[in-house]
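First, one chain by itself in structure tokens, the form predicted on its own.
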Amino acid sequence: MARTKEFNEDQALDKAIEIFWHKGYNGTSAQDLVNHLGLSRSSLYDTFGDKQKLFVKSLKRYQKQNLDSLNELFENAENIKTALTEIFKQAVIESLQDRITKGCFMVNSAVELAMHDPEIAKIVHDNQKVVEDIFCNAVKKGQDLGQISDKQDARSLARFIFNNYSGIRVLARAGEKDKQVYDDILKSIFSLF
């Protein structure tokens, strides 16, 4: 008779996100996963397959959570420029307060794995396109409402926003803790809105 699972898969994935985000794919051992998830090796592999499959499921879960949050933010925003400003300010706050310099799990995965792993490259590329589309629609909405300058094409500005957001997350992962560095970057970014 097959045993029933005695754990919540979503909670296990959330714990996997934590450890992969902190240590990266290559820095996370099978024993790290067993210890952090609190599962036996057999439960881990029976449920998720190998480390690669667990990483992909974790990255996709992280992606969905963040895309849902971003969509909701812009759907409910009365002022798009303010919402964009808050996204960047929150990224800076997290970067300065983060003890373990996590950066962004998706950006970290892009830098660490996308060049060598076609499946991860596809997830990262698809995520970039979706986030760019979300930013583009938000910029268009902000332009239509007169909250964002229409001197720049919405798609170009969305790409600029995405690239700078990713850059801030890379700075965070690299351990940048000088608030003035972030303030200078944000000032330059928002001068174009």
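Each residue number is its position in the shown sequence, starting from 1. As the structure is a computational prediction, the values presented were derived from the model and not from experiment.
What comes next is about the form predicted together with another copy of the chain, which does not appear here.
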Any non-hydrogen atom of Asn8 within 4.5 angstroms of another copy of the chain in the predicted bound form:
no
Gly49 near another copy of the chain in the predicted bound form, any heavy atom under 4.5 Å?
no
Would you please decide whether Tyr62 lies within 4.5 angstroms of another copy of the chain in the predicted bound form, comparing each non-hydrogen atom pair?
no
With the cut-off set at 4.5 Å between non-hydrogen atoms, does Ser156 touch another copy of the chain in the predicted bound form?
yes
So which of Asn137, Ser29, Asn163, Ser43 reaches within 4.5 angstroms of another copy of the chain in the predicted bound form, heavy atom to heavy atom?
Asn163
Partner absent here, but in the predicted bound form, which of 66-74, 50-58, 139-147, 121-129 has residues with a heavy atom within 4.5 Å of another copy of the chain?
121-129
Where, within 93-116, is there a heavy atom within 4.5 Å of another copy of the chain in the predicted bound form? Residue list please.
Ile100, Thr101, Lys102, Val107, Asn108, Ala110, Val111, Glu112, Ala114, Met115, His116
